[in-house]
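Next come structure tokens for two forms of one protein chain, structure 1 first, structure 2 second.
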Structure 1
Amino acid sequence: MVVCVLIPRFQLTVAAGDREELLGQPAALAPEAGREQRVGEVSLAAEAFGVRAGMPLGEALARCPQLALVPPDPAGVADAWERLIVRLESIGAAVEPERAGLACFEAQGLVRLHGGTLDHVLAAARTALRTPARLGAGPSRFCALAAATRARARRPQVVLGDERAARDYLASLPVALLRGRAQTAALPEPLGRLGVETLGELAALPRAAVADRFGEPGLLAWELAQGRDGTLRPREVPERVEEELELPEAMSGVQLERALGLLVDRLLARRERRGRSLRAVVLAATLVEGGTWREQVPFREALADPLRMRLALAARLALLPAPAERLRLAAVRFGPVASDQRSLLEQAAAERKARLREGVRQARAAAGPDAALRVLAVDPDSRVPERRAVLTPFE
């Protein structure tokens, strides 16, 4: 039995902070700077105007001119969500967080730990969360999500039984539920145009016809409507080491890079690191104009060299939409203990070449064989310009 914890409008609520009156009027999360211009989560009042999460900003404002745009707070959302996940894990649950505001866990192993019934597990989860959440339980993840969307704040909805029970439960529910899954989020609209309004109608369609029309997302939606879903993949409890720097005045450019250098040094000096290299870090900033900015940076290889970390991270600072008044660096994934054997002789050139080769290999893997080329002088003295040089694969 899978339990789903759903906190509707979690990101909007966190971003609104103590301005709770915003949630009572038409409001939406503003698009993040530098990202696609689409609104984030929307308030109930905005939904009444036909504004939906993911809608282009222009269309949302056309539908609701008085729509209040709340600056996004990705760093605050990540922190708040992490706190809730840790609370859920504190009852022994192996949690798979799907997105901020939506998480699932398997209840099977917890039943005996919490009084012998599913109701006790749900009660324990509610107590641990200490925040209003909708809880649903069902034989599959999608069924549990559907149950959670129909649950009330203090009354969980439980679908008992197997795959067939899940299919029967889902049959009368709208296909709009497919928006809850990233891979199938775009399907409800075309399904609606074809007259498929409920999951039961989707499940009744021939599998091959759905595959022909919608491809892989369609097949997944069809499987979900049948009451089947993939197994849970709980997260590994992350070890988080972080450093924060409050800047004396709003900073950008070179000054901010110096602050970043200081943070990198501090992070690497932390005892909890135990000599391990870092695979991924999160760089976050509180912006002077309000709101926050957050970027997860996975390194190409596990690093423990402050210089190379600074090089990799400084490029991300350029993406900051406004000067920062607080900068934070957190290690979220660790690599093996940094034990690169130093050579007796200086081999900087060979090392640079090896790194360049690795960079080229990764660029090709991401963007195809033509991603890295070099200029080869074929006939540099030719009087005809196009004969002088060609581009050839980088060796």
Structure 2
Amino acid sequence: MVVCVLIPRFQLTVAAGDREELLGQPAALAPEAGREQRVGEVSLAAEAFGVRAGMPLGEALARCPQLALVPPDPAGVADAWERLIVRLESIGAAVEPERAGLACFEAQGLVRLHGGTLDHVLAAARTALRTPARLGAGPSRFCALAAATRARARRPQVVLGDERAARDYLASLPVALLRGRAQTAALPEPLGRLGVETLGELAALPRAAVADRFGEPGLLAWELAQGRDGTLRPREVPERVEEELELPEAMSGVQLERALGLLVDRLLARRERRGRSLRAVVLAATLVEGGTWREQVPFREALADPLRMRLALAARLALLPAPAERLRLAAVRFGPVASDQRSLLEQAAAERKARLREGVRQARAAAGPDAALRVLAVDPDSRVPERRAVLTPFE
């Protein structure tokens, strides 16, 4: 039995923060700067005007001129969603997070751990979340999601049985549920134009005809309507190694790149890294005008060289939609332990660097982690001496 946890409008709620009055009026997440101009999640009042997530911004404003646009907060959403996933994992669940606000886990191994029935597992999940959420359970992920959409905060929906029971439960539900899966999100509109309004009508169509008209997404939608779905793929529990830097004033250009260099040095000097290289990092910023910005940066190969990391990350700073007041750099995937191999032309420099690193290690062992630091010029032209340079770990 699969359990689905659904928190409607999660991203909009996090972005609104303390401004709860926004959720009671027509509101939508504003498009992220530099990306396609489509609105994000929308409030119930905006849905009453026909506005939905993914709609072009111009069409949304034409349907609802009083629509309030809330600046997106991707970094805050990621942090809040990570906290909720950790709470679910604390009850022993192997969680597969599909997107922010939607996660699934298998209940079979938790029944005996939490009282012997599925109701006890659902109650444990609700208690662990400590936030209003809709819970659904069914034989497959899609069936559990459909049950969660019809559930209430304190009334979970449970579909007992096998594949046949899931197909019977889904038969009367609208094809709009396919928007909950990224691969099939674009299908409800063309299906509606063809007169297919429910999942039961979709399941009754010949498989070959659906494949011929819609291709692979249509086949997946047909399988989902039949009550079949793939197996869960729980996530691996990530290690959180991150560094954060509060900027004394709104920085840009060379100053911001030097602040990024300081973050890279601090991240590589973290003891939790244990000498491993980095395969991917997340660069996030809190913007002066409100909201946040977040970008995941995968490297072509596992890196532990601060110079190459700065070169790869500095280009992403140009994507910032506004000046930043806080920068954060977090490692999300690790590679093997970094080696000191160099080409033949760099042997002499490599040997000198190796001797210098060994001297730094000995100094730190004798006098502590702050025994070897280097001066990093941040704003050489500043009138305030304290802002001209900072001390950073020597690596």
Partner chain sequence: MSASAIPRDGGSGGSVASARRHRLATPRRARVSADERDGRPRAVDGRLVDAVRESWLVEDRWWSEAPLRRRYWEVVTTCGRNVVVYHDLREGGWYRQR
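Every value quoted in this text rests on a predicted model; they were computed, and no experiment measured them. By rigid core we mean the largest C-alpha set that fits within 1.5 Å across both forms. Sequence positions of structure 1, starting at 1, serve as the residue numbers.
- Between the two isolated copies of the chain, the second is the form predicted alone.
- Once both forms are overlaid on the rigid core, the distance between the two CA positions of G359 between structure 1 and structure 2 is 2 angstroms or more.
- Superposition of the core reveals a Cα shift of less than 2 Å for R19 between structure 1 and structure 2.
- Fitting the two forms on the rigid core leaves the C-alpha of P65 displaced by under 2 angstroms between structure 1 and structure 2.
- When the core is overlaid, the C-alpha of L376 ends up 42.8 Å from its other position between structure 1 and structure 2.
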